[in-house]
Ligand SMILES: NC(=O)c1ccc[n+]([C@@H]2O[C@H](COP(=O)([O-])OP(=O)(O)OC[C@H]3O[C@@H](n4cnc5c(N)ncnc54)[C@H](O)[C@@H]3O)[C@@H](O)[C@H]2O)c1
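Take a look at this single chain in structure tokens; it is the form predicted alone.
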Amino acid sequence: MGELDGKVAVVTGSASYIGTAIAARLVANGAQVVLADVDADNGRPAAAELGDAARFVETDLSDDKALDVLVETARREFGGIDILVNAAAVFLDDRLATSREDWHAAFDLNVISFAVLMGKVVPSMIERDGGSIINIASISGKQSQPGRVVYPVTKAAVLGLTRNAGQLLAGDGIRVNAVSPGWTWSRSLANRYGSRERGDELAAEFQPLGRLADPEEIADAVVFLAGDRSSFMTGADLAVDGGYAALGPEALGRAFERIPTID
């Protein structure tokens, strides 16, 4: 028996490494899953690999009608929705030179689509006596990061949305929590650094566990928040960051290695 047997989940951003891993872990634990992403080239094969327990819906999350189709697909194919995982993200960030158009686009996908889709799945969750919503936030939402402004601000907003929706929906038996990944192996990092080894070398500078997270490690946290083991958690943020958030300004001490004291 899987801990999510009989549950139905919707996962956005499912064409990403993290989104695909989340969908796979949910299915492995007994859930039926509707995968949603605008990237059908990667999303459709990911769903196909999961067999009859999964469906893929090509979805522009900024389009309310497309969200209605997504929700209706989950209801028609699997009978309702118990779990929503908001995992989509866009990286539009030219710091303070970012155009107003790109600011709006980033907030529309990274924050507003989360909130609108949450509102659309709530009636189904109430019909099924409750549910669990998991928003994928980021360490970026709690720390200043060199070279970034827009993305961290949107992720800070996701954390605020999680806290407020958690208290708003508690009376309906719907829990809302966030997962904040650290630097995690992704298609973007693969394109930028070429190999997992180079990515791990980068992450070792600021994650004490000395490497990037595997997408499956983020997915395991999502499964925990989706199931009964987290039944008394709502409005919380679960860090899966290899110790990133635990570091102070002295980081891992490498500055002292580069600039030693004078004996």
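Note that residue numbering begins at 1 and tracks the sequence as displayed. Everything numeric in this text was worked out from a predicted model, so none of it was measured.
This next part talks about the form predicted together with this ligand, which is not shown.
> Of T73, S186, S124, Q143, which one comes within 4.5 Å of this ligand in the predicted complex, counting heavy atoms only?
The residue from T73, S186, S124, Q143 that makes the contact is S186.
> Given the stretches 95 to 103, 176 to 184, 73 to 81, 124 to 132, which is the single one in contact with this ligand in the predicted complex, using a heavy atom cutoff of 4.5 Å?
Result of the contact check: 176 to 184.
> Can you tell me whether L169 touches this ligand? I mean in the predicted complex, with a 4.5 angstroms heavy atom cut-off.
Looking in the predicted complex, residue contacts with this ligand do not include L169, since no heavy atom lies within 4.5 Å.
> When the contact criterion is heavy atoms within 4.5 Å, does F107 count as touching this ligand in the predicted complex?
Output for F107 is no: heavy atoms all beyond 4.5 Å of this ligand.
> Heavy atoms within 4.5 Å of this ligand in the predicted complex: does A15 have any?
Contact check for A15: yes, within 4.5 Å of this ligand in the predicted complex.
> Is V85 a contact residue for this ligand in the predicted complex, using a 4.5 Å heavy atom cut-off?
Output for V85 is no: heavy atoms all beyond 4.5 Å of this ligand.
> Go through 144 to 174 residue by residue and record those having a heavy atom within 4.5 Å of this ligand in the predicted complex; state none if no residue qualifies.
Contacting residues: Y151, K155.
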